[in-house]
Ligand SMILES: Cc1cc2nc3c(=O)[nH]c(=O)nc-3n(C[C@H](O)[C@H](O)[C@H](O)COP(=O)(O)O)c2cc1C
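Just one chain is shown here, as structure tokens, and it is the form predicted on its own.
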């Protein structure tokens, strides 16, 4: 029993630390039909580096998070992206600016796919910290919302060994494309950033080293 119990507790420790300070917020239910076809969104998708200072609705944020990593089956086993062994080693964090999303205060939020809700883990404006961590790409702070995708390799490597690291990166790519396409379908746009200091991104988010930042995506109106 001891050999099974210790790894399970170790797996839960990062989440226990977050739970001490989090504030949970339910999200509107996602919708499954839209005004644009998949073909139209693929053809129109562009990487955006300038955004209007216009807040998103809570419904838009909900839809983006569901598209990124939400649950797509009644039994909760399947999500919006494929995952090796259905292990889902990623986490989605969002940095919301002042008046970034209607009804939400500025801060860092963690997406909880199973319950389709977010938890605030840090209060206050953090977008500039993220831009500094991203080699001072200040255009990122124009976006009302910044998505950060992190991987926890151990969730995947415990089954697949070192190959699980590659599988985690592949999964992050699927999430990024879903955010791009869902943003376009909602009349929004997204940028994508891969140049950043991992430790500084973790510091800005207020998360531990088990979470490895993989990509950052500012989202807002064109």
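Worth saying up front: this structure is predicted, and the values here are computed from it rather than measured. Numbering follows the first chain given and starts at 1.
What follows is about the form predicted in complex with the ligand, which we do not show.
- Message: Within 4.5 Å, heavy atoms only: does residue 46 come near the ligand in the predicted bound form?
- Response: Looking in the predicted bound form, residue contacts with the ligand include residue 46, since a heavy atom lies within 4.5 Å.
- Message: Given that the ligand is not shown alongside this chain, does residue 179 nevertheless sit within 4.5 Å of it in the predicted bound form, heavy atom to heavy atom?
- Response: No, no contact at 4.5 Å.
- Contact between residue 194 and the ligand in the predicted bound form at 4.5 Å, heavy atoms? Residue-level check for residue 194: yes, a contact with the ligand.
- Message: Although the partner isn't part of this model, could you tell me whether residue 72 comes within 4.5 Å of the ligand in the predicted bound form, counting any heavy atom of the residue?
- Response: So residue 72 does not count as contacting the ligand.
- Counting only heavy atoms and a 4.5 Å cutoff, which of 38 to 46, 62 to 70, 25 to 33, 153 to 161 contacts the ligand in the predicted bound form? Among the listed stretches, the partner-contacting one is 38 to 46.
- Query: Even though the chain is shown alone, can you say which residues of 129 to 146 have a heavy atom within 4.5 Å of the ligand in the predicted bound form?
  - Reply: Going through 129 to 146 in order - heavy atoms within 4.5 Å of the ligand in the predicted bound form - the hits are 137, 139.
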